[in-house]
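As a starting point, one isolated chain is supplied in structure tokens, in the form predicted alone.
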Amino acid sequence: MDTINLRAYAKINLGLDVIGRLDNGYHQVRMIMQSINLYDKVNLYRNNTGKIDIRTNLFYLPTGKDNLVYKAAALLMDEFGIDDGISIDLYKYIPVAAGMAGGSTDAAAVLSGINRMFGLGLTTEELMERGAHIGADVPYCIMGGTALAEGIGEKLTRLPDCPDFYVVIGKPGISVSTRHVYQQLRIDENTVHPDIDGMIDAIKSADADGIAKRLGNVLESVTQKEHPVISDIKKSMLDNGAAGALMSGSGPTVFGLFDDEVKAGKCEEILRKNKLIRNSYVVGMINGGRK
């Protein structure tokens, strides 16, 4: 197999809670992760150069050893002594530095692609174990679908497929450092924690209204305060038919859940007209994100 073309799906967080800080400096989280039908295209080409070469449609993205895609390819090629080279064409459509796991899902696609291309025979679980060495979101991006993530995000429990919504994605013209957001986060007795267990129950009972009402993200307390436009986007979504709206991950992307495609489309038009966003999409959940 000399060529593989893959889709790397974005994620949103239906719920994101931070329990506390671990001794190693990482934060302990409980998150509900959900794949959506927005994806990057990742094309792999086998060659005899002995090198890893990455090309992308975004001029400002690093393509060397700091890129998660490069790290994913190098991890498997070093472990299995692969002498062949590989070229990777990365077409980015998921907003960058937006809380949607764009880099992690690209890395997950490369791990899966190299496993298939070189016949390594790794199971999904074995790929997920290796993905955890690249980034906390990579194991989930390999799994996809609807899942509870715990620990630092690497302990995953698959949940039933979330009911389908139309999802409006809106990213303002800013980027956010995940490291900075976690460094600024303060958890105390006044912290409002999302109802993760209630969200799980709503998902299990396919209660779309219950899911929308339980959206919550403790990281909003940092990112929303520093970037009020996030509050403006959420309010606009709710005022224009969203059943619920929330910032995804550390932000700044905001998503709204809609039960009607027409309402979702009109909301996106209004966001663009009011210049609240730089990038926007109307997408759907893909049967729980199953790939």
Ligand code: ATP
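It should be emphasised that the depicted structure is a prediction, and the values quoted were computed from it without experimental measurement. In this text, residue numbers run from 1 along the sequence as written.
The form predicted together with the named molecule exists for this protein as well; it is not shown, and the discussion that follows is about that form.
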Legend entry - Partner proximity in the predicted bound form: Q184 to the named molecule, non-hydrogen atom cutoff 4.5 Å: no
Legend entry - Heavy atom of T146 within 4.5 Å of the named molecule in the predicted bound form: no
Inset, instruction - Spell out, yes or no, whether the shortest heavy atom distance between T178 and the named molecule in the predicted bound form is within 4.5 Å. - result: yes
Legend entry - Exercise: N217 in contact with the named molecule in the predicted bound form, heavy atom 4.5 Å: no
Inset, instruction - Spot the stretch among 233 to 241, 45 to 53, 260 to 268, 66 to 74 with residues whose non-hydrogen atoms come within 4.5 Å of the named molecule in the predicted bound form. - result: 66 to 74
Legend entry - Candidate from C162, I86, I114, M100 lying within 4.5 Å of the named molecule in the predicted bound form - any heavy atom: M100
Inset, instruction - State the residue from V96, A206, I152, I174 whose non-hydrogen atoms include one within 4.5 Å of the named molecule in the predicted bound form. - result: V96
Inset, instruction - For the stretch 1 to 35, return the residues whose heavy atoms include at least one within 4.5 Å of the named molecule in the predicted bound form, in the order they occur. - result: K11
